[in-house]
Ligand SMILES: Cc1ncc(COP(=O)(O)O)c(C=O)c1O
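Just the one chain here, the form predicted alone, laid out as structure tokens.
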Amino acid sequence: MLKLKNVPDLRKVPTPFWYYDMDLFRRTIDTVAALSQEYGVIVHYSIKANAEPRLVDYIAAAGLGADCVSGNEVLYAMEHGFAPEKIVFAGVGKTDRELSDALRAGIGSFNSESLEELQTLDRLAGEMGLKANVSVRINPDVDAHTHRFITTGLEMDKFGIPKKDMDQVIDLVKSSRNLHFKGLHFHIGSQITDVENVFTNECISANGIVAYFEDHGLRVDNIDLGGGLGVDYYNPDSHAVPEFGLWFQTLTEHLRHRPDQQIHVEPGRALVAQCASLVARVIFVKEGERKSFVILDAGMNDLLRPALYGAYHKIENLTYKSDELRLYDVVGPVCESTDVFAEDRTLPLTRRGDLVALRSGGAYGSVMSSTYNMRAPAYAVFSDEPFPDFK
């Protein structure tokens, strides 16, 4: 059960708000930083998961790198303390301006996802008199066994260069004067919970692709296996810190690599999901013809994942305890039928005015929010700071 610190009378606080458990956040980051050293795996935080400045600042200070998927994320990472050489830049649609700005900044690697991108990067680097550090993202056609909307490593997905084009990539890189080939990049999906099987399969596929590039004359110094480590949305308190040790162990045991080759990973969700909850107030409890609806003052504009993916978030009543259980649809106020957090969810008896927490919202929560219906965004509350003064 979520326990709020430094929060005054819950009956009077404005809602909705994001509540950040900073002790858990720091414990998670410190655990990852220690395991990174132990296993020799270089970690880049995927900024798209959560760009809250306090979190990003701490991650940078802990020595992790940054994984970015837009030019603005690259600039934001540098503004918040990430050294350019620790930044990798992925994404299937980098504009010329984004490429030029990142080249000028001297980032660690462009994770390039198409032949045209490589050609464009080669041209821009030549015009600027620079060398572009490049890791080529190959689509390994590995099933992550996760939701189809967050699968990225199958042949049908838009991400990465297909294996059939590897010879063209090798020829292009060899003939280029302005590309510095760093290595290979892979990413197969997100919210992967079958850690050993799925990531072992990724390593097996990567082994063959790395060998192919080296057999054809390109030395692979960096092997970037992307992110994807899942979190436990059903039992956030029992599994507050994901299984980073098992993940790193699986990668280092099954990836064939020389001592002089670097292994990189890019977690996002796993670093921040469990540290934040969306706290909302029950506006009404409506008894319909066939269903009972708990209507919150937070909506899909605040937490999009359930509407977008059908994602599960544990829901807890923070202010009223009852032994009587009811079946509810938990919904928001937005004028869309998809504005639903949970359908047919068994919850204790819930009343108008109760405060509820939607758990595990630290990843792809606030960062995906909007002002749809002209709704004000939820504000942030931190467990180690006084509650904001709204007087």
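We number the residues from 1 along the sequence you see. Fair warning: this is a prediction, and the values are worked out from it, not measured in the lab.
One more form of this protein, predicted in complex with the ligand, exists but is not displayed; see below.
Figure note: of the listed segments 185-193, 249-257, 119-127, 77-85, the one touching the ligand in the predicted bound form, with heavy atoms no more than 4.5 Å away, is 185-193. Of the candidates Leu303, Ile138, Ala132, Ala90, Ala90 is the one whose heavy atoms come within 4.5 Å of the ligand in the predicted bound form; the others do not.
Contact with the ligand in the predicted bound form, defined as a heavy atom within 4.5 Å, holds for exactly one of Gly108, Gly71, Pro236, Gly268, namely Gly268. Under a 4.5 angstroms non-hydrogen atom cutoff, the ligand in the predicted bound form lacks Leu179 among its neighbouring residues. Using a 4.5 angstroms threshold between heavy atoms, Tyr364 counts as touching the ligand in the predicted bound form.
At the 4.5 Å threshold, heavy atoms of Ser360 stay clear of the ligand in the predicted bound form, well away from it. Remark: Gly227 counts among the residues lining the ligand in the predicted bound form, judged by a heavy atom distance of 4.5 Å or less. Annotation for 48-63: the only interface residue with the ligand in the predicted bound form is Lys48 [heavy atom within 4.5 Å].
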